[in-house]
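Read the single chain below, which is given as structure tokens and is the form predicted on its own.
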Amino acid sequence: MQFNHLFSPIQIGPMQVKNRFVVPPMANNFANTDGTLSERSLQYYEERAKGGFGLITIEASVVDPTSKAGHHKPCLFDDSVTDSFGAVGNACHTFGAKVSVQLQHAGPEGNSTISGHPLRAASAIPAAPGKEVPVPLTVEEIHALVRRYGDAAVRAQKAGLDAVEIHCAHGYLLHSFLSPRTNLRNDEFGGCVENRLRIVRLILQEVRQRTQGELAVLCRINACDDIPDGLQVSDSAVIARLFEEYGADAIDLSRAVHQRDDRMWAPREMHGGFSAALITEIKQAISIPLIAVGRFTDPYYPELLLEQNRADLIAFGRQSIADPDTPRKIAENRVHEIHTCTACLQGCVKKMFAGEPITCLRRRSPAERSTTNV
């Protein structure tokens, strides 16, 4: 089988990506406690760029100092971090990769003990039964937060990165506005779908204006929430279409809130490409590029999705942890040498939730491990 589509370039707004292989945003707990990216962070991302991935996404980076949910979360709310992000970008650019950074406010999925501030959300709806009840943002706070997203994007631009991704999925702050299950507001940020999406529309406008259209701007959304009364694929198709109208250059399509981590992290019983039907429906609603997520570990089904115009780029998430050289091995006709992610979730997801640096049980021998021990 030929993999011509996987290795074809693609334009995302002002950014051209050399192929369709994406490293999506994945927390790794390598960042320093001051929010800068560490040398270990740099080595981790550089290794994947060297392995042939066309688009590298730096993990969720905090835009508001009151919302830091982990000790080793990268942050973009202070100018002091810019050089560390620039170093990562430069290292990846050396190998021809483009670099994006995901901008995040954890909202109701945050950690008030770590941040020292109460959780915030669209409404006083906890992320799950029994969890801390968040405090609704005021209209004034919403507008201040919009400016913080713009500030973070400007820092990414000064660091020489190519794109930013607005995190609107998985139950975090912006997602809490999108879903009628968690947005009970009766002001201009609640009610009808366009009101619920207003905060993201303002962020997109702010980012594009502040960066003068020089950065690609992506949005990550859920294909569906996978819980009762949550967003369904029909809702997400409308959201994707409206985000396109609001100025997003691409949609990064993930899935589920943390109440359904099985659909988000896809343990081994979930087959590769298990979200393909949802991906296809949302792709039909938009004309901008769509990044497909869903336990992809080999090139065969991804190539078909691209060939059939059911997706435009493929995120090889935990597969990029198990084998950073996946694209290069495919290009060199060495598919049989790929170290396939087994979806055990032990070295990556388990350690990530524990606040520890991630590892990968698939990469055991010294010859297979990088300096990042991933």
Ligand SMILES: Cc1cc2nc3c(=O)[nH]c(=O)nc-3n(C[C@H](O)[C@H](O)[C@H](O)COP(=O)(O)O)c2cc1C
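Numbers for residues come from their place in the sequence shown, where the first is 1. These figures come from a predicted structure and were not determined experimentally.
Although not depicted, the form predicted together with the ligand is the subject of the following passage.
Using a 4.5 Å cutoff between non-hydrogen atoms, residue 175 does not count as a contact of the ligand in the model of the complex. Interface membership of residue 15, defined by any non-hydrogen atom within 4.5 Å of the ligand in the model of the complex, is ruled out. Heavy atoms of residue 265 reach within 4.5 Å of the ligand in the model of the complex, making it an interface residue.
Although the partner is absent here, residue 146 sits far enough away that none of its heavy atoms falls within 4.5 Å of the ligand in the model of the complex. Checked against the ligand in the model of the complex, the residues 348, 69, 63, 49 give one hit for a heavy atom within 4.5 Å, which is 348.
Partner contacts here mean any heavy atom within 4.5 Å of the ligand in the model of the complex, and among 316-324, 330-338, 302-310, 33-41 they occur only in 316-324.
Taken together, the three residues 25, 254 and 352 all lie with some non-hydrogen atom within 4.5 angstroms of the ligand in the model of the complex. Annotation for 150-177: interface residues with the ligand in the model of the complex are 167, 170 [heavy atom within 4.5 Å].
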